[in-house]
Ligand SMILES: Cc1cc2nc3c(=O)[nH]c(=O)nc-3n(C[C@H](O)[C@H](O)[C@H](O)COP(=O)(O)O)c2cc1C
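Take a look at this one chain, the form predicted alone, written out in C-alpha cells.
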Amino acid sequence: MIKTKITEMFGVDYPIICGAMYWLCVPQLCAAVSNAGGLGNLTAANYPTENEFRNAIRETRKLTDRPFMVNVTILPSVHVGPEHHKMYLRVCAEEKVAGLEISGSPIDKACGMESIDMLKKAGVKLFHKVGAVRHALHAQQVGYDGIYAAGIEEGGHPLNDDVTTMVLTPRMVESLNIPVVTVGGIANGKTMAAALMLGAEGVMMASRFMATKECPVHDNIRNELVRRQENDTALICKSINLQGRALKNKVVKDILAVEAGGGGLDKIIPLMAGDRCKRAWAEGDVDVAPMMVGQSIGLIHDVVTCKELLKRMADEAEEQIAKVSAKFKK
C-alpha cells in the first residue's frame, strides 16, 4: 500500500484524486472512485440550485461511505455567478464534505476570509488548483490545506505561465509546507510514481477517468480517447485570457479560427457553451463541443472500471519505484 500525507489526511487507500469534469463528475462516478479507494469528485457547477447541489452530495453519500472531494470553480461564467460560489461553499460546510478543490480565484479574494473560516471550522480540507508558485504561496498563507500543482499538460484551463508538471511539482514542493498533488500528464502507475519521486503526496487526473466504465459518457467519447494520442490536443482561448486545453476536433478548429481572425469573447462563447458538452457526452458527437482533456490521453489504452484502474495504477507505481530503487543498490 502507498502511504502519503493525502492517504493519511483523508483515510483513503490510494493517493489518487478525480478532477472536476463538467456534467460528468456526478454521484455515480464520484462514488465509484471513492469506493475504489481514491477520492471521487462532485462538480458543483453541475447543480444550479441549492436543493439540487445538496441532494447530489446526499445521493453520493448513499452510494459510498468513503470521503470525496467537491469542486468549486470560481471563474467568470454565464450560468454560475458569485452567489452560486458562496452558496456552494456554505452547503459544503453545512454538509461537512471531506474536501474542496477550488479552481480559479482563491476563496478569500472571491468570497472573503469568512468563507475560509467557516469551512475550516466545519473540518473541510481546502485545496487550490494553481499553476504557479506565487499563487500556491498565497493559498498557503490564507489557510489552505494543500495544493494541486497543475502543469501545462492538463486538460481544462492551465495557467498561461505554461510550466510543465516536471518542473512545477518540485518547485511547489520546495516552496511550500503543505501537501502538493500533481496534476497534468497523469494517467497510469508510471506517471504516478514519477510524481511521487518529484515530491508529490498524490496525483489528480480527470481525462483518465473519462475512459472508465462508470463515467456517464457515451462510448464514442471513451473510444475516441483511447484512439487519440498525446499530440491531439490544442490550446484555445489564449486571446481572451482563458487558456484551455481541448481535444482537437471541428469546434476547436472553429475557435482557433475565430481567435486568428481577431474575434472576441462574444464570438467564442457560443462555441464553448456548456450545453454543447452535455450534448456531446450524451450523444457521442466528438465534434460538437470543446472536450477539455489533457496530453495524458496518449497514455489511455483501454476502458476499465475505477476499481481496476486504481489497483493497476498502485501496483504499477510500486513496481516502478522498486525498479528504480534497485538501480541504486550497491
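Quick caveat: nothing in here was measured; it's all calculated off a predicted structure. Sequential numbering from 1, following the sequence displayed.
Keep in mind the form predicted together with the named molecule is missing from the figure; the text below concerns it.
Only one of 137-145, 80-88, 205-213, 112-120 lies within 4.5 Å of the named molecule in the model of the complex by heavy atoms, and it is 205-213.
This chain appears without its partner; in the model of the complex, the one residue of 306, 12, 317, 21 with a heavy atom within 4.5 Å of the named molecule is 21. Of the heavy atoms in residue 60, none are within 4.5 Å of the named molecule in the model of the complex.
The named molecule in the model of the complex is not approached by residue 169, whose heavy atoms all lie more than 4.5 angstroms from it. Heavy atoms of residue 106 never reach within 4.5 Å of the named molecule in the model of the complex, leaving it off the interface. Taking non-hydrogen atoms only, residue 128 never approaches the named molecule to within 4.5 angstroms in the model of the complex. Residues 129, 153, 154, 155, 156 are the members of 129-162 with a non-hydrogen atom no more than 4.5 angstroms from the named molecule in the model of the complex.
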